[in-house]
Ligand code: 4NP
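Take a look at this single chain in structure tokens; it is the form predicted alone.
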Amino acid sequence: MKHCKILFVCLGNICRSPSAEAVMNGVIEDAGLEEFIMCDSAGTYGYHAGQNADARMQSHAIKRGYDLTSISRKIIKDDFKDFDYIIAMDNSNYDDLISFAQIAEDRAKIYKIIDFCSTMSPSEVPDPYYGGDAGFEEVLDILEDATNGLLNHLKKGVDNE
């Protein structure tokens, strides 16, 4: 398998994208592919830069065995050069990334995480920041489905090479 770098992106990089990073890292570890696939996360806005993931999101993730260790940062232009996949959590993030991308090659790297769902059909990963416990659980449910689908997508790409 060739090496692949994935960047998950949400608005502030404290709930959804660090969760996607952690869930995907778990999927990668379960598949024994840690040496081939690397994940990171970022936000379209930098107002939480330098902060840990939201404590509520961390709490819900820990209950499922995921450790949110990333530190919030804003996406930068070099990310388009450094990553093979740039994956948005919602439609607004997707639109922001498309606007931020400089060239068609960069735009071709941008996906919505829901594109990889295989058992669920959400319209996007909702932002749980202002909601209650159910919102954080819904985020994790969607991410578990989508990251398994993403890994299958990556494996199919290898099979077709």
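Numbering starts at 1 and follows the sequence shown. Worth saying up front: this structure is predicted, and the values here are computed from it rather than measured.
Omitted from view is the form predicted in complex with 4-nitrophenyl phosphate, to which the following refers.
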property: Heavy atom within 4.5 Å of 4-nitrophenyl phosphate in the predicted bound form - the one residue of His48, Lys112, Lys109, His60 that qualifies; result: His48
property: Residue stretch of 122-130, 61-69, 33-41, 94-102 approaching 4-nitrophenyl phosphate in the predicted bound form, non-hydrogen atom distance within 4.5 Å; result: 122-130
property: Touches 4-nitrophenyl phosphate in the predicted bound form: Leu151 (any heavy atom, 4.5 Å); result: no
property: Leu140, heavy atom within 4.5 angstroms of 4-nitrophenyl phosphate in the predicted bound form; result: no
property: Partner proximity in the predicted bound form: Ile14 to 4-nitrophenyl phosphate, non-hydrogen atom cutoff 4.5 Å; result: yes
property: Residue contact check: Cys10 to 4-nitrophenyl phosphate in the predicted bound form, 4.5 Å heavy atom; result: yes
